[in-house]
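Just the one chain here, the form predicted on its own, laid out as structure tokens.
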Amino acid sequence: MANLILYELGGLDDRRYSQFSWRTRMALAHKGFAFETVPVRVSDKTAISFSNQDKVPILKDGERVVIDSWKIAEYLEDTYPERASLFGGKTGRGLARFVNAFVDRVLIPKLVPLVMLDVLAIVDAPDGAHLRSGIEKAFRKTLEEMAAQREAGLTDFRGALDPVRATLRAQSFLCGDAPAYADYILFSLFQWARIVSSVDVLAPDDAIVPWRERMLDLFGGLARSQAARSLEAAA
């Protein structure tokens, strides 16, 4: 049995808030693996210096070190083909690559600036300063300025999800009758928002909500076991 260790971002109260790590978490569960996790502070690069780079997620499989959520998914698929497939073949892998690019290049830039200010409440001061510096440099606005545009920004974000709604009206998951890696890619964005912000990025009657609930219930409620900020705020 493989000895798998996932290095991922950790915040206050052991929040695991990296959306890219959630892609890997779901992929590992899909493959039926038990795995260990190691939380890493975003400002602590020494903790992951063994990987010769400075980002998570990082997967250690024995002596093998794999970085980047997409590369990890491909590694799991190619190294353990006897386990449940993440892609369902070459065609599915190609389509998942498109979903990966769509989420990373279209959806993340629309949503992240709207709730990034909320992330500061779930990390310590050094991590908050590190995140603020990186995001404000990337978007050329302060986190407060970006948060002030939240209402209009959410309307734009929700509009970009129309192809997702059309797909989910015809089938239970993006990948058809059962979830696979394309679902985990998209879900990771909603899981990140759920963990870091009390704002629901979907309207209550959105056709995507039932899919999100099904994703939260997968693998014995793996994703649901991470508390939502909205529930903490209500407590």
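Note that the structure is predicted; figures quoted are calculated from it, not measured. The numbering used is simple: start at 1 and walk along the sequence shown.
The protein also exists as the form predicted in complex with a further copy of the same chain; that form is not presented, and the subsequent description refers to it.
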a further copy of the same chain contact in the model of the complex: A182, any heavy atom under 4.5 Å
yes
When the contact criterion is heavy atoms within 4.5 Å, does D162 count as touching a further copy of the same chain in the model of the complex?
yes
Any of the heavy atoms of A96 lying within 4.5 Å of a further copy of the same chain in the model of the complex?
yes
Non-hydrogen atom contact T91 with a further copy of the same chain in the model of the complex at 4.5 angstroms:
yes
Are all three of F102, Q171 and G176 close to a further copy of the same chain in the model of the complex, meaning a heavy atom of each within 4.5 Å?
yes
Just to confirm the contact call: exactly one of 189-197, 206-214, 44-52, 162-170 touches a further copy of the same chain in the model of the complex at a 4.5 Å heavy atom cutoff, so which is it?
162-170
Considering non-hydrogen atoms and a 4.5 Å limit, which listed residue (A138, A148, V106, L120) is close to a further copy of the same chain in the model of the complex?
V106
